[in-house]
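Okay, here we've got a single chain as structure tokens, the form predicted alone, with questions on binding and movement later.
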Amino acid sequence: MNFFNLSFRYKIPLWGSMLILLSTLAVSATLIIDAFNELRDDLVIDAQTLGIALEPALSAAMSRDDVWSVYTSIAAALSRTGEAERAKFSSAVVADTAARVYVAAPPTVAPMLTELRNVNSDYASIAERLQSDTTESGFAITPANSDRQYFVLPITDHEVRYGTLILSLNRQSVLPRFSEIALRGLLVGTVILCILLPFNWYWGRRMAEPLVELIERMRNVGKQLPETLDPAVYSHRDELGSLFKTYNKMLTDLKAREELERQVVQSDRLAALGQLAAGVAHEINNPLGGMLMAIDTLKSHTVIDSRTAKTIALIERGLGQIKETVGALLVEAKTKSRNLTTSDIEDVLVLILPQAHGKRLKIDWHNQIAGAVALPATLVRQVLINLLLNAVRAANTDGVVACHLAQTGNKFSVSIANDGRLLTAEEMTHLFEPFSPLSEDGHGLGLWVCYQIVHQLGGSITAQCKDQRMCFDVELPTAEPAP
């Protein structure tokens, strides 16, 4: 599995954790190394301080060849080291200018007058260094394969060198102090990790999860339009927040474009169907009128027996039904008509009340029209009757049909709703087509006629599911504003 192919919800926190861990380790290691170097420098300073303190007494005793005084001085110094200094020196050897042991404390370290190179390999390294180092300053030396560190300090008085002081330190004795410093550094690093790692995972996932959600939704843009992102998912105003805002705006624009395209396609389809229906109606109307005239002439000038009369009546009724259907297809909004009045609207309510009472429906009627409206009364009444009758048929028994009519400025609006079955999105795409299969009775031309009238009057008609009701909204422009 390639780490770089992981999801951002894991990759960002992991990258952050690795950087925090490496930074903490680097800082802790640097602090520990610095502490070790400081401890080493402190040991050198302690040795130099001790040498400077002993130098007057040792040089004076050696000038008198007072071995006992030299021994008591270095023995007393060894017994006091470790109280204020960083570590306790384990032994001290005073060598004369010929690199021989003058005195040692404790005495078992090296016999008196023994050459340094013959004491052991450590002192052999020191003797070799003394021969090659002509400087008057001291030095520190750690012989190879040795567990001890030695501090070599000259014993002088008024530029006269009497010998050399060699202090021995067991390196293991400084480990407790170094371990204490290292442990303190590790504890601080651990505390930092315990604070930063959860914080890093929180913010990493806080930034990555909205981004992952955005990517998942964008994958479906080509198939269907996903839902917009909730602004609460990432409310900050940084680049990621701007990306979410841009995504939501893109979805809004795409949905508006999709709705516009749907309306254009539906309008074009309905217009084509209307032209086809009108053409067919005109073609049917001429021979239909001739057949009805012929039947009327036959009935007026011919003695017809009862069986023939019965047959002619059947044909006449069939042709009459065809004529009504053809008449419904020939919608013409340019016919002259008087303006719509409040009485016309109230008449529509009277006409639909009997059918509403048959289903025990409650009619929620709100008519805010107070005077005449500059719209053709006949056509608007037909639209109102068709929509209200459809609402009554679709409503549940003991249900509700609501009708709201108002005029605001130069807009006449109608809203009719029922509590019947809600139509699906697929059904609503074919709702205003002629001979709609959604009509349970009749020829299915009612809504198509409404659509034709409304659009020929320059208005709009829409259907939507609102508050668990099927609602039809009509808006018509009026020649005059509301009184």
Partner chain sequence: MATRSPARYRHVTFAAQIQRAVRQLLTILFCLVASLAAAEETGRPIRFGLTPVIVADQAKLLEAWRSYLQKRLGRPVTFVVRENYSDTMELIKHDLLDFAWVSDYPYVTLEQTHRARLLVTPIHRNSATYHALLIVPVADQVTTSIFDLEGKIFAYADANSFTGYLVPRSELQTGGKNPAKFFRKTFFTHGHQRVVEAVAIGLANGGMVDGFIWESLARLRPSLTEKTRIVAQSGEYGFPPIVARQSMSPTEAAAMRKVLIDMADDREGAALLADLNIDGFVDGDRHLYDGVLEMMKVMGEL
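Residue numbers count along the first chain shown, from 1. Predicted model only: the values in this text are computed from it and were never measured.
Heads up, the form predicted together with its partner chain isn't pictured, but that's what we're talking about next.
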property	result
Any non-hydrogen atom of residue 71 within 4.5 angstroms of its partner chain in the predicted bound form	yes
4.5 Å heavy atom contact, residue 113 to its partner chain in the predicted bound form	yes
Contact of residue 107 with its partner chain in the predicted bound form (heavy atom, 4.5 Å)	yes
Any non-hydrogen atom of residue 67 within 4.5 angstroms of its partner chain in the predicted bound form	yes
Answer option from 155, 380, 348, 103, heavy atom within 4.5 Å of its partner chain in the predicted bound form	103
Contact segment among 416-424, 446-454, 58-66, 39-47, judged by heavy atoms lying within 4.5 Å of its partner chain in the predicted bound form	58-66
